[in-house]
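Only one chain is given next, in structure tokens, and it is the form predicted on its own.
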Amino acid sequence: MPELPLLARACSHRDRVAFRTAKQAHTYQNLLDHSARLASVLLGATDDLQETRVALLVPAGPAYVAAQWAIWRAGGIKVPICLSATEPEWEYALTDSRAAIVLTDAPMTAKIAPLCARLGVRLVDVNSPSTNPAKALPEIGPERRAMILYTSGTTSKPKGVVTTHANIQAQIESLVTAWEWTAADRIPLFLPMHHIHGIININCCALWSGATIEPFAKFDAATIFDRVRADAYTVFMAVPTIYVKLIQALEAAAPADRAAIVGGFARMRLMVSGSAALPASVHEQWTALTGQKLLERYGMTEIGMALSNPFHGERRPGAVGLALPGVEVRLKAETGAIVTTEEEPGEIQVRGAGVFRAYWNRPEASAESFDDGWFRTGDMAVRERGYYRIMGRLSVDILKSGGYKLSALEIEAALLEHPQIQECAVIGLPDDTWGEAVTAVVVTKDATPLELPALRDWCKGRLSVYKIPQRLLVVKELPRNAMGKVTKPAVRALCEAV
């Protein structure tokens, strides 16, 4: 029996279907067998990888999980890297983590092989047959380092977030408890597999529970609608951008078709939104269309998930709910005082068994990120009627204009109610009078024109006077990262270039 609880649980589900694709079903036993063979290949002549870093470049699906388990069973540290990244980005991840092995599949081999040859990194195909007898696999304790997951790097070079097997287990158990995962659950997976959303919230939680995952190479609304119509899923997780696309596609669908798809969504037991702030208007639109109240949560690469609207109870638009099981959350004001009253902003600080160990090879950054054992998220929030509401990142989403501290997310949520605005981002640009001028960068529907005076007039009565945009830039599209999240530094660069 494998030592790691995640693998022990897979053994208990051995005959259940772990992954279902259009071509075949893969049981938990299939994944265990594949991972054991691959672990022997990774070990070679050694008995234990002893935390050797193994970069993982495999699409979502059964091969990804077999590779993940193989790395862990062999004693290695998994380093997921982005399938669509550029060669310089791959090189940074490999050299920063000092990866000794890249584990990939045939289609990706040709793309990364030259880089591996140049760096002297061993390249292993995820489907490599083991030519040697199966090896005895090492015992892996919970405090061993399990994964280095790179942050988005919006303010500097990406940092490697180091989590142990115990950290990962705590993150999984918290969500499985809060969201009541069971072996009867079925979920689609179309999110990138180098982010915590896809890795932990979907992949690991589903497989811990004995549930079934249906993987897709990419998000495609038509394909998803076909499966939703057929009642293929009980749980659904996506980022806000995808919910916006689903709303647009549903509104464009023929009435009979829309009714069948909406019925499929309505029958799911849980629908979750995360990885970026969900505008209250989108939350309300989705409920009006499908009857489903999206569950919004809050987390980070460093901590897993920390806050969540309840599975049972009010799911409040614009809020991220309460602390999850096993997680402690506090707000700390700029004065250094712990916030004890509602409506008072403070930095979200988190501690618990799921919080990461350290940044890879960055002791100073690691030390600066903790405050007496509490991880400093860099996000501002307030408590309102018991629930936390995110105001934004201290660095990019908190504007200081005219002596006021403003939440860019709050202004964006209001602007999204404008009939001509499809998407928007709000930033603060240097201004001699205001310190920072509230600046709205918007994408309009059907490329309709929008002028600042008209926008300011519309905002009156909807936003306090000091929150009304003082500048406006209309663009064709907003810059986004691989998770579909708008990148504020890129938005700022866009404004500065105009």
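Start at 1 and count along the sequence shown; that's the residue number. What you are looking at is a predicted structure, and each value in this text was computed from that prediction instead of being measured.
Below, we turn to the form predicted in complex with ligand MCA, even though it does not appear here.
- Checked against ligand MCA in the predicted complex, the candidates Pro142, Pro325, Gly263, Gly402 yield a single residue with a heavy atom inside 4.5 Å, and that residue is Gly402.
- Residue in contact with ligand MCA in the predicted complex (any heavy atom within 4.5 Å), chosen from Gly346, Pro192, Pro80, Pro215: Pro192.
- Within 4.5 Å of ligand MCA in the predicted complex, a heavy atom is found for not a single one of His283, Val329 and Arg383.
- Although the partner is absent here, His165 lies well away from ligand MCA in the predicted complex, with no heavy atom inside 4.5 Å.
- A residue is said to contact a partner when one of its heavy atoms sits within 4.5 Å of a partner heavy atom; Gly299 meets this definition for ligand MCA in the predicted complex.
- Contact between Ser35 and ligand MCA in the predicted complex is not found at the 4.5 Å heavy atom cutoff.
- With a 4.5 Å cutoff on heavy atoms, Ser174 does not count as touching ligand MCA in the predicted complex; it lies far away.
- Stretch-level contact analysis of 71 to 79, 107 to 115, 402 to 410, 120 to 128 against ligand MCA in the predicted complex, using heavy atoms and a 4.5 Å limit, identifies 402 to 410.
- Contact annotation for 50 to 77: no residue has a non-hydrogen atom within 4.5 angstroms of ligand MCA in the predicted complex.
- In the predicted complex, the CA atoms of Ala319 and Ser401 come closer by at least 3 angstroms compared with the shown structure.
- Whereas the displayed form keeps them at a certain spacing, the CA atoms of Leu463 and Thr341 lie at least 3 angstroms farther apart in the predicted complex.
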